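Shown next as structure tokens: one chain only, the form predicted alone.
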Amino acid sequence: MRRCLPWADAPSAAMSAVFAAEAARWRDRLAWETAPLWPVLEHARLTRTLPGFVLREASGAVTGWTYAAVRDGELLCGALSAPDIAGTAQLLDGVLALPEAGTSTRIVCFAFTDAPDLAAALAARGFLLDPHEYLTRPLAGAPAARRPGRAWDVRDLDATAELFRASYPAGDPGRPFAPYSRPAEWQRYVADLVLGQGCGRFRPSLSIAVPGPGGTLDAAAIVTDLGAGTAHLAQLAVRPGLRGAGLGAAMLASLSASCLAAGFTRLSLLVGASNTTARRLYARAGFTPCAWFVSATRAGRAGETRRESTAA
């Protein structure tokens, strides 16, 4: 009989096999090298600093797993692997039953996963869905192109956060990042891209900042290194009043040429299914679909209580 158990109690040998298979899946399907991340996750599992669950069969085999992390009052589910629909529901319900879910203002699931029927299971549990498509394009033959602006610099962090805030709709509860569009949320998001490792290693010399008046930025592109020959466009934004003049396309052409010269063979990016303007831009630039990421959000119980209190 299958059981859903805390992952901290799973044998290390079984989890090593699980993580190795997951690293191979990311490498084979996305050309994304994640091997350095799994020892960090294993340490967090063993020290019980990161909650998670495994599905263990009667034979003792681990056939599914998930984990979650709390950050800034939100519960974040970054992975979910299951062998069947029942396993998907078991793991998802395990995450939602965590004590942290009761104290979180929002619950977010953003994962590259093949878990059967996960989108339907999330929707049935009150999540808002906006799947993100993973797009790639080969860089071979990318022509030389003049770079608009200059290379991105760490001193551009605050201006980049302000640009992103101006470029996205304000207050989108379904957005996996900066849902309330507060300046501090955007600053944290940009800092994660350029200082963290979750979306690859930041490459400032390949990234672009287009200065605007008064220390602002008219446009910016953040590029990271995913390993396996893949450069990743983590973000591209053009100030709303300047769109439609070809600046976004010029930035794509420039960074494609720069990434090719730096030895990369492909360029990848993630784009929300609802972002039709960006999807058209990337299609014109030669990007094609490779995979989907599940992106789903819902208010946590603390967030629901806060809204009810405010309404009263």
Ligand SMILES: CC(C)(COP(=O)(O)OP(=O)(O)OC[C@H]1O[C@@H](n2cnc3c(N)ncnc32)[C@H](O)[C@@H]1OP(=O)(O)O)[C@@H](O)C(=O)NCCC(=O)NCCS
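Predicted model, so just to flag it, every value in this text is computed and none were measured. Residue numbers run from 1 along the displayed sequence.
Unshown form predicted together with the named molecule; subsequent notes refer to it.
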{"property": "In the predicted bound form, the residue from A69, A253, L41, L281 that sits within 4.5 Å of the named molecule by heavy atoms", "result": "L281"}
{"property": "Contact assignment for the named molecule in the predicted bound form, among Q235, T88, T224, T113, heavy atom within 4.5 Å", "result": "Q235"}
{"property": "Complete contact of L260, L267 and A291 with the named molecule in the predicted bound form (any heavy atom, 4.5 Å)", "result": "no"}
{"property": "4.5 Å heavy atom contact, L247 and the named molecule in the predicted bound form", "result": "yes"}
{"property": "is_contact(T136, the named molecule) in the predicted bound form, heavy atom dist at most 4.5 Å", "result": "no"}
{"property": "Partner proximity in the predicted bound form: V271 to the named molecule, non-hydrogen atom cutoff 4.5 Å", "result": "yes"}
{"property": "T63: touches the named molecule in the predicted bound form, heavy atom cutoff 4.5 angstroms", "result": "no"}
{"property": "In the predicted bound form, segment of 141 to 149, 161 to 169, 191 to 199, 78 to 86 with a heavy atom within 4.5 Å of the named molecule", "result": "161 to 169"}
{"property": "Interface residues of 18 to 43 toward the named molecule, as seen in the predicted bound form [heavy atoms, 4.5 Å]", "result": "none"}
